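Before any questions on binding or motion, here is one chain by itself as structure tokens, the form predicted on its own.
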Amino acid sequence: MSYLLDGNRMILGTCYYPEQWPQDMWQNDLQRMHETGIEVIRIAEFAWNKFEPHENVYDFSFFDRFLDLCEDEKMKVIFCTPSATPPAWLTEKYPEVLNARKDGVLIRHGERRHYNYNSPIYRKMTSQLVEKMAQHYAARSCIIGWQIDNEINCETDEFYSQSDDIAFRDFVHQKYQTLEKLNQEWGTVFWNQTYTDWSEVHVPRITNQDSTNPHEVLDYKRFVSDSACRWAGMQSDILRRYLKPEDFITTNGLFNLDNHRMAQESLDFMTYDCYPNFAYMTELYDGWKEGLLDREWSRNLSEVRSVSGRFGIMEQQSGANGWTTRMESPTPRPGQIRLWTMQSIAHGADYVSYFRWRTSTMGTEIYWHGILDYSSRENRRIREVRQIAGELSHMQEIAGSTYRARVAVVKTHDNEWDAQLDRWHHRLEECSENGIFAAATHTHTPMDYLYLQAGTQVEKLQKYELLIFPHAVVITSEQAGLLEEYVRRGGKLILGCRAGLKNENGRCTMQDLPGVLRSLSGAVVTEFSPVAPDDGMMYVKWENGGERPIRLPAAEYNDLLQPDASDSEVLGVYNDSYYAGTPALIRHPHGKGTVWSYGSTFTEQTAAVFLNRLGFAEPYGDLFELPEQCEIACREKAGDRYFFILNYDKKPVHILLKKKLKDMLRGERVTGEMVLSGYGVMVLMQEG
């Protein structure tokens, strides 16, 4: 059984770079980590030269010395493959391993992640190094697992090298088999883009207005994801041959690729790099995300949970952020490291590793601070980490529990990629994704993300009582059938505008909208339009039996609906413009379940109305009365429920506990009105 995520313990770690510090500091650092409550370190992700200082010349002595010390000091190690930073001798001799910009200019040595996944030379040299490292180090008792590369697809998710051009041509050749099929699916008859020889097919290149064929670009997005997944798989396959039975393989961060596929094919679990302080970054801060600030990272953690039900944090915020060239954010205020650590744990992390142990004195990241500053002196940040370690000792039974949500937002990678290249789609997704998350946050409604993938079974959907598919723009008949079966068995489904517009290659359907979802929705779209600027905000009047009608914002885009089944019911109509009185919200019973078709986007106000009227807001209202500044998360295990109440405000807030619960941090039972300090945390247990 793995040392991490074994379901029995929660563990703290940190990132450490022995190559950046004198050897006479190592032992004191490891001992001090133990005193702080840190049991695991991650090492070596940028240390290629320490293993292979010259081509085919290997030297393992440096990390042998360090691992000897780790074994003496009983420190556990996550060892990394160093492929994120190819060395200068390699890129100088073999420039074809370098990534390139869209205009063909090579991305040169000097930062990191300057390689491409498809260079045969780089794949060969990386494979050789990973094999040599695994042969030499994998049997070490202090090593408990391996990290592949570092933040795959970070820095850039676009690759235009000659190797990528060749690989992309092969990718689409394998997918379509014939040029006739490719031309058909890409719609190349438009603007006379028809290909007559495979040599004419390239990665997207510079065009007027940068308006490359969108169907080509959608396949290019898939190609980049495929390249990244194969890159991880290549390294994972090598490592698996040498690992001890209990060791794991992971990688860190969530970036623009099919992380679900990568995790399924190559990893034992995903780890995430969690930096809530980005919300306070100088170049981003402007009441970002409607004032949610660091609470926004709960959305990111929910994304990780969708990939990997059990997960860890490989890099958790412990100091100010900044490179010398970009990014500038302040030091966490007293209590925020603890708050953000508990935020990660609340969302399902059983392992939290802080970036980094000590702030670097050299390089681009000299302002990316760690637990300690340059001088290593005692500071309030290390004292806060010690406090967290002490509190985790009272929370160990929570390990192995699962996050509980009744509501999930449905996603697909095809829709995500299409929204990146289609401005019309992007505006809708941005509005609704932000609105739904904000509404769920402020109504204390725990929420998951559910990705539809090849092989997804209806039972996975049935874990949730309500699914929201904000904009099912790109959808297949198989996915529509899966949603139909979910509703037929009793599920509740909300669909927003533009549903069913495109097939899997981004081509618009010639069916009446919502296309393959029409029979399920019980509605048909008769006309559609972006909201005209001179119309301002459009609204929908939602009638609901004897209740007072509610006005819903209908921002950005409006589908004009009409019932398409005898049992469909119009609940709301537009109240302005030339289509005032036209249906905008239709409810349709299907089997044991119900579908709501809404002809617009989901602002926070709109999403909150849906959550409240359908009975999903404040699911723990019988236990708590909380202000908006607080998040509530619930983890469950063996019938017991563990509630995390997190105050993101710098000021104290009042909360009401309506039933007596066990305060796990204070070891006593509590009830009634309580004050939660600024950036304060409560962890409460309700026995099953």
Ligand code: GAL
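Nothing here was measured: the structure is a model prediction, and the numbers come from that model. Start at 1 and count along the sequence shown; that's the residue number.
The discussion below concerns the form predicted together with beta-D-galactopyranose, not included here.
Looking at 148 to 156, 243 to 251, 507 to 515, 482 to 490, the stretch with residues near beta-D-galactopyranose in the model of the complex, meaning non-hydrogen atoms within 4.5 angstroms, turns out to be 148 to 156. Using a 4.5 Å heavy atom cutoff, D273, F355 and E365 all lie near beta-D-galactopyranose in the model of the complex. Although the partner is absent here, F46 is a contact residue: one of its heavy atoms lies within 4.5 angstroms of beta-D-galactopyranose in the model of the complex.
At a distance threshold of 4.5 angstroms between non-hydrogen atoms, E429 is out of contact with beta-D-galactopyranose in the model of the complex. The closest non-hydrogen atom of W323 lies within 4.5 Å of beta-D-galactopyranose in the model of the complex.
Shown alone here, R169 lies farther than 4.5 Å from beta-D-galactopyranose in the model of the complex, counting heavy atoms only. This chain is displayed alone, yet in the model of the complex one of R112, K460, R140, R587 has a heavy atom within 4.5 Å of beta-D-galactopyranose; that residue is R112. Interface residue among E604, E315, D219, D414 relative to beta-D-galactopyranose in the model of the complex, by the heavy atom within 4.5 Å criterion: E315. Along 568 to 590, not one residue places a heavy atom within 4.5 Å of beta-D-galactopyranose in the model of the complex.
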